[in-house]
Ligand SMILES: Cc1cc2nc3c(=O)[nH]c(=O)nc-3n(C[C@H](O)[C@H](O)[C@H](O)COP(=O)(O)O)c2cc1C
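For reference, the chain that follows is the form predicted on its own, supplied as structure tokens.
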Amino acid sequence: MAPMTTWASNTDGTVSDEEIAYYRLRAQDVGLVITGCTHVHENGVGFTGEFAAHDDSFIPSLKNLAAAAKSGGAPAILQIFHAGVKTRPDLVPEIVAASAVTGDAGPFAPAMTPRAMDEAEILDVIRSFGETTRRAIEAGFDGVELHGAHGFLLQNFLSPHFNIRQDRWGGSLEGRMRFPIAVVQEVNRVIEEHADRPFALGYRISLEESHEDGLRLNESMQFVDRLVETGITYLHASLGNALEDRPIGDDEGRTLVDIVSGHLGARIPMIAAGQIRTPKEAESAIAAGLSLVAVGQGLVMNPDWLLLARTQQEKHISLDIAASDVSRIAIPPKLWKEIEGTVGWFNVRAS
């Protein structure tokens, strides 16, 4: 189950009954559940209705989510992040990121110019990733996934476009890698200190950026090598289309899945998400080199996607959604509002 935001928390940041029902319905047949993202610091909220994990007071809420996500018998991973330049301006006093470089406008956040973080703030956020990992352990999750994709803070530091710092946290690739690698090191330290069971550490990555001076695959592969050396359990590539995406400027060459999975070899598993909606597409993605396939929209629209796949009932898998489906498949009202209002995200039919 791919990590997808539900916009459905209670107003106090706790996980709502609607979210619990949403996860319980979809967790029954999948092999792994990765939750939607939660912020590690109160100044890093990326979405309205985002459940919180930045304080110990949220541990009971996280326990409820872990129980729901694990209710089908599969392990559950808590995805954690700081939204960085994509932090919602209506949810925090001030937006902070690697540098004062304006972000890209998107369907869920406007283009904003953040304030560059100082040394003390950087170290504080690194500690916050560790503290949230401790809470995930106490709540009963089986791992955490660092969301280093989609232009959030971890990617802000890695990106040559968004990181124009001249101190030790920027400049060369080595400098731009320093913050995300420090986060991985801190999270691993916390896991070693607090986990009394196997506990995974995944890293979600956007391999390239569209800006002319943005991140490219050659630097991402060097970063991936450092992630493996530093001790991640798996790599999760976020792609527009897992079966078709190729490096920028190479429309006819090998796919990104082929390149990255080949680069990783047998070192760690690779997961990818991106328009995998049918069992045949999932099988093709596995054949292309993936260890695991992350299904997002397919499971939103079909909570029984895995059951239908296993019983060869692919013709019954819906590729679109309507308002009349919402109650039956336990879509939280706030999530449905976002689906209905974001043109081109889901295939929304009239009835």
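None of the values given here were measured: they were computed from a predicted structure. So that there is no doubt, residue numbering starts at 1 and follows the sequence shown.
Just so it is clear, the following notes concern the form predicted together with the ligand, a form of the same protein that is not shown.
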Among 171 to 179, 273 to 281, 220 to 228, 194 to 202, mark the stretch whose residues have heavy atoms within 4.5 Å of the ligand in the predicted bound form.
273 to 281
Just to be sure I understand the contacts: of 62, 45, 290, 294, which is the one whose heavy atoms reach within 4.5 angstroms of the ligand in the predicted bound form?
294
Among 79, 132, 155, 87, which has any heavy atom within 4.5 Å of the ligand in the predicted bound form?
79
Even though the ligand is not shown here, does residue 161 get within 4.5 Å of it in the predicted bound form, heavy atoms only?
no
The ligand contact in the predicted bound form: residue 36, any heavy atom under 4.5 Å
yes
Give a yes/no on whether residue 330 approaches the ligand to within 4.5 Å in the predicted bound form, heavy atoms considered.
no
Heavy atoms within 4.5 Å of the ligand in the predicted bound form: does residue 165 have any?
no
Taking the ligand in the predicted bound form, which residues along 107 to 134 bring a heavy atom to within 4.5 Å of it?
none
